[in-house]
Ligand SMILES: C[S@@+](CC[C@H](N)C(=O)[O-])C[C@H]1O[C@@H](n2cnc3c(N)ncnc32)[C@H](O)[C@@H]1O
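What follows is one chain in structure tokens, specifically the form predicted on its own.
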């Protein structure tokens, strides 16, 4: 293996920094606090797919071609998701969180970084089976408008349904998963009564503000792509968005340990990364 000289590494870092600064200034998207290794992989993939020789060439193309930037942005967001992803999390929700949510006349739920929407529909199905979907308002947000469009349609490839049905059963599903969608050729469309309880909208976790008085926030498998500064910023926003006693749910590789908001929360289900807010979010965001 040929080692890249330190000077070349530093020059590469400077080029990427210039690229990120240019994107921020031109389009308002700030990727500077994303995990650098993951970010570099995505940028390299975009550059290679566009057959560009350097990050500088990529920046030039991004600056002068807004349509290409839309394509670039698709590859920069995290869209790995599925129905009832990590099904034991949903089982934990049924057992530890739902009984408490049922005590409210209505509940507000925020799915932050919802990607193409499968997990928001999963939550709607869970709430339907628990008998209070009609008292729930689900807000599902992402900064990728292409993904939001797919989420709004609620149409997914039929080939994914085998794994989804298995996840649903493991998650504690009480009915038949096929009751929740209509099938047509190679696609399925989730039923309107599920979508009616979900509002899909644009929101950038890096630059946009809080959603107030939420009973539950789910942001699962998103923070792992951020550096610690951005993680603390986003968690601070979540803390301010949650009402006292509200729940925060993270991905199974994420934790509140060693974060700026740890003292505000108590674990409800440590293994499934479900926390409940008891403290006051007075601290200012680090960004």
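Here the structure is a predicted model, which means the values were calculated and not measured. Numbering follows the first chain given and starts at 1.
The discussion below concerns the form predicted in complex with the ligand, not included here.
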Requested in this report: Find out whether any non-hydrogen atom of residue 55 is located within 4.5 angstroms of the ligand in the predicted bound form, and reply yes or no.
Outcome: no
Query raised in the report: Is residue 81 close enough to touch the ligand in the predicted bound form, meaning at least one heavy atom pair within 4.5 Å?
Result: yes
Query raised in the report: Does the 4.5 Å heavy atom contact test between residue 206 and the ligand in the predicted bound form come out positive?
Result: yes
Query raised in the report: Can any non-hydrogen atom of residue 143 be found within 4.5 angstroms of the ligand in the predicted bound form?
Result: yes
Query raised in the report: Candidate spot 77, 222 and 225, all three in 4.5 Å heavy atom range of the ligand in the predicted bound form?
Result: yes
Report summary line: the ligand in the predicted bound form has a heavy atom of only one listed residue within 4.5 Å, and of 197, 108, 85, 128 that residue is 85
**Report entry** One residue of 138, 171, 101, 115 in contact with the ligand, assessed in the predicted bound form (non-hydrogen atom, 4.5 angstroms)
**Finding:** 115
Query raised in the report: Using a 4.5 Å heavy atom cut-off, which stretch among 130 to 138, 184 to 192, 91 to 99, 115 to 123 contacts the ligand in the predicted bound form?
Result: 115 to 123
